[in-house]
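In the block that follows, a single chain appears as structure tokens, in the form predicted alone.
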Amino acid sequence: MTDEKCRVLEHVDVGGGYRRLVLNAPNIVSNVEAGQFVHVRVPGLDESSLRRPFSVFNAQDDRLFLLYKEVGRGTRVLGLVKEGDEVMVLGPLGHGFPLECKGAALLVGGGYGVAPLYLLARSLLARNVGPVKLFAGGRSQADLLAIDAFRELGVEVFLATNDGSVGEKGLVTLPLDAEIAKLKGASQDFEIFACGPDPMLKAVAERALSANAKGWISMDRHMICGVGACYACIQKTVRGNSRCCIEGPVFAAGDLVWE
């Protein structure tokens, strides 16, 4: 973990209220693993303001890629950062996804929950794990992010939207259920990796457990300090309360206790 001064290489609007931020961060990039996150000090906010946590979308050639949505004051101010500016970034933080996968890797993302799944897909494919398949869901087509980037990796993509604007109409569990049934019918092994809103994560975890498959769930919590000191990102597990920023954000599906 390092607190690195990073120069902004690119900061662009990718539609639907989402933005891509690319930073020169050689120290973080050399140590980050898929599923980990970073804490960004937002320039323009007062010194007492808390840093904002972001999943790592990609890390390559000293470049750190973040994909985020403007949802509050902090991300709105972050949206004003320009190419050439410098920001302080703490990371990498947390425990990421395991990269040993038996059989097919089913990646499930809801909205900007796909953010940590791209580096995961790259990492799994580099280890010749596969096939790797992405199941992405959102309210509409605008909430389906970086789909072409996944396809360029060679990932097979399945889409679902609530309004039916692209892919299947309904929840992302629709195409996921079909794929699970197909794999089970062929007696093929698979593991599930997921990130997104809690209702989706609970549904995915239940499917992994019912299929007797390994499931890895990245919990989206407001990780205020990022280093386990504030206890604001507690997640109930079979071992008691766990801090998402230290023991997570990735947990085994069977370890989670849902409200």
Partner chain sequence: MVDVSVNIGGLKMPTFLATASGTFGYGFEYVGAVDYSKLGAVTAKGIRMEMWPGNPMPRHAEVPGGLVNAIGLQGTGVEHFLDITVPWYRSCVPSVPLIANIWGDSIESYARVAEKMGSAVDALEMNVSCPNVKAGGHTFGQDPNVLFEVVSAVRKATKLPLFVKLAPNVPSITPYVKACEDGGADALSLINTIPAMVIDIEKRRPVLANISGGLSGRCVHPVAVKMVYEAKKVTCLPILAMGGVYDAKDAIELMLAGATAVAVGTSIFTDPGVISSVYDGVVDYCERHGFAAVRDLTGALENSFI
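Small disclaimer: the values here were computed from a predicted structure and weren't measured. Numbering follows the first chain given and starts at 1.
Missing here is the form predicted in complex with its partner chain; even so, the following discussion is about that form.
Legend entry - Stretch in contact, per heavy atom within 4.5 angstroms of its partner chain in the model of the complex, of 199-207, 216-224, 60-68, 22-30: Of the options, only 216-224 has residues within 4.5 Å of the partner.
Inset, instruction - Indicate whether residue 1 is a 4.5 Å heavy atom neighbour of its partner chain in the model of the complex. - result: Residue 1 belongs to the contact set for its partner chain.
Inset, instruction - Spell out, yes or no, whether the shortest heavy atom distance between residue 73 and its partner chain in the model of the complex is within 4.5 Å. - result: The answer is yes: residue 73 has a heavy atom within 4.5 Å of its partner chain.
Inset, instruction - Tell me, yes or no, whether residue 233 is in contact with its partner chain in the model of the complex, where a contact means a heavy atom of each within 4.5 Å. - result: Within the cut-off, so yes.
Inset, instruction - May I ask you to check whether residue 50 falls inside a 4.5 Å heavy atom distance of its partner chain in the model of the complex? - result: Yes - in the model of the complex, heavy atoms of residue 50 and its partner chain come within 4.5 Å of each other.
Inset, instruction - Identify, from the list 144, 104, 90, 119, the residue with a heavy atom within 4.5 Å of its partner chain in the model of the complex. - result: By the 4.5 Å criterion, the partner-contacting residue is 90.
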